[in-house]
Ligand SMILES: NC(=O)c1ccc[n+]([C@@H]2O[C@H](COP(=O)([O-])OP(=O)(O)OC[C@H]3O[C@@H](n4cnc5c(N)ncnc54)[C@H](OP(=O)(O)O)[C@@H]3O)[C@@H](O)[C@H]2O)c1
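There is one chain below, alone, in structure tokens, taken in the form predicted on its own.
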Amino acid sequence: MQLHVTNSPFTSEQAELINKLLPTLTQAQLSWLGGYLTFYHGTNTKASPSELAVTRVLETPAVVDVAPKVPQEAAVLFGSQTGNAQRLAGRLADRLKEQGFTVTLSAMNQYKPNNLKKAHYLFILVSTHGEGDPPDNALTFYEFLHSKRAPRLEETKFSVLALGDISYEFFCKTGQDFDARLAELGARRIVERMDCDVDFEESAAEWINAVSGALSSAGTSPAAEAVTVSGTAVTSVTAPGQSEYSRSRPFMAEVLDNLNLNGRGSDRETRHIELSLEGSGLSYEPGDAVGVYSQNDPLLVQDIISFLGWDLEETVVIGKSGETSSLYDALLHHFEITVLTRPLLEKTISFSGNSELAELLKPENKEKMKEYIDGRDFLDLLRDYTPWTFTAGDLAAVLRRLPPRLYSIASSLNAHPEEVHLTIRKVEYEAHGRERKGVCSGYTSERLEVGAQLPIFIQQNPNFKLPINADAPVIMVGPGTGVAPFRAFLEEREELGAKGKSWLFYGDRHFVTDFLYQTDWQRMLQEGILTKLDVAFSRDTDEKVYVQQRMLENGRELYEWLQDGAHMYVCGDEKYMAHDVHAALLFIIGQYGGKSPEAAAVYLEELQGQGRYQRDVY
């Protein structure tokens, strides 16, 4: 409806402004604005007729009609591998508490499915893991919801926040699956699903505001109620330490040491990097990660600028708030230039004079497009699909922000006060006629000097933690750089004087050159901090041997440890190693526990639910 002087209480100038604004707003923005104006009207007793009229126009929630009297219960469920969805769920729960809701905040694997029909409002926050899979603590709930046992949910209003990485084919697939399935079961969306890329803070805040606004406009009362927290959610809401530094405001950490852990003659390079946290107020626990804001390869940046014939000192916009920098600095520090994605190609079509790019993006060429983007970067795209019409000023509309890289922490804060240690393996390979390097691993191995400063933040991971009982036995499987968090685990247990047994399975290529932290493990074995060590070096024998084979060789004892209350941890490659280790565990449980494959799977699911089987895989 167009507003005019004749059909509204507005002046012609006011009506013109409102008519320009309303068509540009998303459903989420309309919902939030409606809630805001409701609140504004309730706190401003001198509201004018025009303000009251705007409130009446915008007070309708985004997708559904909601009755004026609504229940005050909400379930906030999260599925999270690294903790991002978990922390955002805590923020939403706090917001709903302020609005008078009784909130159940829970990891999905801790939530009783029978309570679903009682959830008048249901909010799902979930990441997508691996090849479009749910994270570990979402899997059982995901399977239940997609089974015939799932109940009809006609009385439920819901919304989904999906987290993912747009550089992967199955971007936000788990959240999309939840969203579609809830609708199939009859639930009604109160706010449209929000799909978030790795730079998720602004989008997630918009979604939380939209949910809050939609519920405000639904007529909830301001009576305060306590938040009900289920399962492991307590650790997800409150960070272990308070600091002014965060993901959006990283700390500039001084590099204290940067060593190559691999021996002479190795075909690999793995850096052990020690960083100072002095003056930051940052703290962490074993199992947490460090987010590193790296920089692109200067040579790649120069090649891009040279190819396009641009001025490297030209000023360009780098942020939504209008921040600027030189073109060279923007490509070096702020924009991702090493990964191609379908959305990136779609954004560049309007700037390309080459019709073959549009042809590549046709639905029937999906497989050809996937093959093209694999292993190529922005410079390849520029060279392959000339001519181009964009200017340096168009970069912010085409390239996404350079995302931070996350690395498992390899140290205990109790053992190394005001320090944090990282283990980073250099990624380098040749593809499509050019040498390629990992963004952060290339930077830290080739250009990061002792004394330099590295922008970092701490990423708490409540889903990968030592047992609360320091005397509980632990089994750790960490080949390659996956062993990093277990160095932190064992240092922490040493500092705490833990009496529980510990068993480490480690693997790599060669014993002589690739045995990361060998002297640490040897010392810990001698001093009784590490009870048992089994290693597998795949290239030292004619037949390749991996950690899962060492597990199978020790299957009976491993099962006895589990029966005695051991906690099982796996860290490293998700695509191959973690699947093979999981399969080996199922076999061991079935073989030595006398269980069928189905019963072995249930046993492992129960361990997961108890927090006794945790994975940090990537």
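All residue numbers are counted from 1 along the displayed sequence. Treat the numbers as computed from the prediction; the structure is a model and nothing was measured.
Beyond the structure shown, there is the form predicted in complex with this ligand, which is absent from this document and is the topic of what follows.
Asks: Can you tell me if residue 538 lies within 4.5 angstroms of this ligand in the predicted complex, counting non-hydrogen atoms only?
Replies: Result yes; residue 538 sits at the interface with this ligand in the predicted complex.
Asks: Flag residue 507 as yes or no: does it have a non-hydrogen atom within 4.5 angstroms of any non-hydrogen atom of this ligand in the predicted complex?
Replies: Yes, residue 507 lies within 4.5 Å of this ligand in the predicted complex.
Asks: With the partner left out here, check for me: in the predicted complex, does some heavy atom of residue 546 sit within 4.5 Å of this ligand?
Replies: Result yes; residue 546 sits at the interface with this ligand in the predicted complex.
Asks: Does this ligand come within 4.5 Å of any heavy atom of residue 479 in the predicted complex?
Replies: Output for residue 479 is yes: heavy atoms within 4.5 Å of this ligand.
Asks: Name the single residue among 349, 427, 512, 450 that comes within 4.5 Å of this ligand in the predicted complex, judging by heavy atoms.
Replies: Answer to the contact question: 427.
Asks: In the predicted complex, which of the listed residues (577, 558, 568, 585) lies with a heavy atom within 4.5 Å of this ligand?
Replies: Contact with this ligand in the predicted complex is made by 577 alone.
Asks: Select, from the options 352-360, 487-495, 538-546, 385-393, the stretch whose residues sit within 4.5 angstroms of this ligand in the predicted complex by heavy atom distance.
Replies: It is the stretch 538-546.
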